[in-house]
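First, one chain by itself in structure tokens, the form predicted alone.
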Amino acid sequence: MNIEPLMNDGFDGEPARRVLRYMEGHKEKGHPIVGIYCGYAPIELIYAMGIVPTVLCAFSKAPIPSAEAILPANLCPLIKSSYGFILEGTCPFFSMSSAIIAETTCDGKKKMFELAAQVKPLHVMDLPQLPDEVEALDNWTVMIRKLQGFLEKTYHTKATDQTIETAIQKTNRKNSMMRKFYDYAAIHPPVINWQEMYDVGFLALPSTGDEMIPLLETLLEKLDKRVEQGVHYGSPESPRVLVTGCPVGGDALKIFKIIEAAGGLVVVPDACTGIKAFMGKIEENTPDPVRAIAQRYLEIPCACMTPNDRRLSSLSEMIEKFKPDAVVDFVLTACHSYNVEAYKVGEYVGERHGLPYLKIESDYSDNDEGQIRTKIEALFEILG
């Protein structure tokens, strides 16, 4: 079945080129741009100051040899790729950025940020990693206010409680519509595939509510027509897979491609590059909108948090909604947090939901694609 490209703007399947065009448009208008690496960067605050956030390059194996001249080879590929792009000057999003926002989500990134700070102004936010402790919310609120001070000084701009509140409400609306978009993957068989979810999510991450909501309204209308016309991906018998774990993009997209090539369907990508970025809601109309932002971000179920029981409850919600036949946990090499947590996730998925679970540990190379495919095919054979 030939399916019309969802956005049909010449960039379907090439989300980085689409976002580059989006950023170049802002650059031409003279809008300030700040680089971000992580889902803990509070984009509502950035929007409220009239600054454009751009997600920096981190998903290609190409610059890793350059990074390994300085960084240890047995480091996470995401960190090595990020720093390799900086060394080679080949990330256009980094070049456009006047400054970088970073967070203390892992030791490797923290030390890499010290090196990156020699290249461009960089502000590190100290992320509390025991989110349920009473001090965590106070501390993270302070960190967001310190970021506000850094951005105001660097970009010569200001944010008020009113502009932050407006940004919160528009982002809540955008994220609500993104969740409606993902709903079309919950249909059996799904009406959208992993590439379309990745394409739309890649653009939605840096875009404001004002920019993204009109596009999402058009996309949802198109998807309603697909439903009416019986357009879908795969068949009712195709294995439905929930992919959880580390961020997936660029060369790491091989995990999605291999699942698809083996006859499966990725019905929900649960990562910072997937649905996780659009989950949760910031409380509106509070006396302190910065504190409301801090509360929502502390609830992100990242493996850097301990305990990270929110990841398990989030998995349960996704399993009940998207009805996967199996869970694949994609762990980047040397990402100890996600790797150790994988045991707990596998145990939970099996005991609580009775689903097959498979951990895939890999990097950005293509050397192990055959091994991964064999494991995925064996998983699908179990499903019958």
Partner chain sequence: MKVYAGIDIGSRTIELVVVDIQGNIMDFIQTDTGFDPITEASRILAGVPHDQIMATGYGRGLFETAFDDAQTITEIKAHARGVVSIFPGATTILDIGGQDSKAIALNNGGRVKKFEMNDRCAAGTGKFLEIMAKNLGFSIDEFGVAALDAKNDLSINSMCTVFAESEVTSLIAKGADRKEIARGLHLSVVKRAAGMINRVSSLGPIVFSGGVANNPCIKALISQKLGRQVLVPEMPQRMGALGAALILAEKASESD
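Numbering follows the first chain given and starts at 1. These numbers come from a predicted model, not from an experiment.
What comes next is about the form predicted together with its partner chain, which is not displayed.
Colleague: Arg18 versus its partner chain, in the predicted complex: is there a non-hydrogen atom within 4.5 Å?
Modeller: No.
Colleague: Using a 4.5 Å heavy atom cut-off, state whether Asp9 contacts its partner chain in the predicted complex.
Modeller: Looking in the predicted complex, residue contacts with its partner chain do not include Asp9, since no heavy atom lies within 4.5 Å.
Colleague: Look up in the predicted complex whether Leu358 has a non-hydrogen atom within 4.5 angstroms of its partner chain, and give yes or no.
Modeller: Taking the distances in the predicted complex, the answer for Leu358 is yes, it comes within 4.5 Å of its partner chain.
Colleague: Do Ala378 and its partner chain come within 4.5 Å of each other in the predicted complex, heavy atoms counted?
Modeller: Yes - in the predicted complex, heavy atoms of Ala378 and its partner chain come within 4.5 Å of each other.
Colleague: Go through 364-382 residue by residue and record those having a heavy atom within 4.5 Å of its partner chain in the predicted complex; state none if no residue qualifies.
Modeller: Residues within 4.5 Å: Ser365, Asn367, Asp368, Gln371, Arg373, Thr374, Lys375, Glu377, Ala378, Leu379, Glu381, Ile382.
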